[in-house]
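Shown next as structure tokens: one chain only, the form predicted on its own.
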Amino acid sequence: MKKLFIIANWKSNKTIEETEKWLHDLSEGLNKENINLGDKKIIIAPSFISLEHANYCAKNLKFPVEFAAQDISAFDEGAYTGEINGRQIKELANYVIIGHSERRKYFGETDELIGQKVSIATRHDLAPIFCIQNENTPIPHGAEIVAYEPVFAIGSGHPDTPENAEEMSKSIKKELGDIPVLYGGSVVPENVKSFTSMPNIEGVLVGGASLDSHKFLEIIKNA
């Protein structure tokens, strides 16, 4: 049985207090329903301000969850005001999301810059979760997990079809080998199984629906 990655990308949402409540609620829900996570890896990507406290809460709750950063500096330590570098992130996370279409659209990130971020991440033993928008998005060496997120599906309520996502996944695997490929874009409890049941899709990257702990619990259950 394949291992499924269920990743919550909170984007620029939630205070530290809200982060704590979300983790407590999800942990309580998993325990109450006695959900077996043996074949599922849960990864949470809070904002940077909540990442340390999220780690603290998860350890106290004995909650089997890992963490990802939503971004990483393209530079190492030094005089880069406002940047958070790989060495700092590694204390709190094992993964980092790189190449998301929102970073490309709103912050002007280029393929070259994104490639630098992948190199920095791997240098600090952080696994890049690399987002692609279509078959023309170049995937740099070092990407350990690829998330196919078509732009039209992100936050629109109109996901791609599982069949198209499966074809994308097969194409990626043909190029890169047996690398985990995820689908992202308007994933909800009602449609998650249609994607994770595809032979070459190893999980989902969840945006808006991950902000509600009850919805995210249903996604975990249904995947």
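A quick note: this is a predicted structure, and the numbers were derived from the prediction, not measured. Residue numbers run from 1 along the displayed sequence.
There is also a form predicted in complex with a small molecule; it is not shown, and the following applies to it.
Proximity to the small molecule in the predicted bound form, taken as a non-hydrogen atom within 4.5 angstroms, holds for one residue of 27, 169, 50, 186, which is 186. Residues placing heavy atoms within 4.5 Å of the small molecule in the predicted bound form fall in a single listed stretch, namely 146-154, out of 71-79, 146-154, 106-114, 84-92.
In the predicted bound form, the small molecule lies farther than 4.5 Å from every heavy atom of residue 14. Looking at residue 9, you'd find a heavy atom of it within 4.5 angstroms of the small molecule in the predicted bound form.
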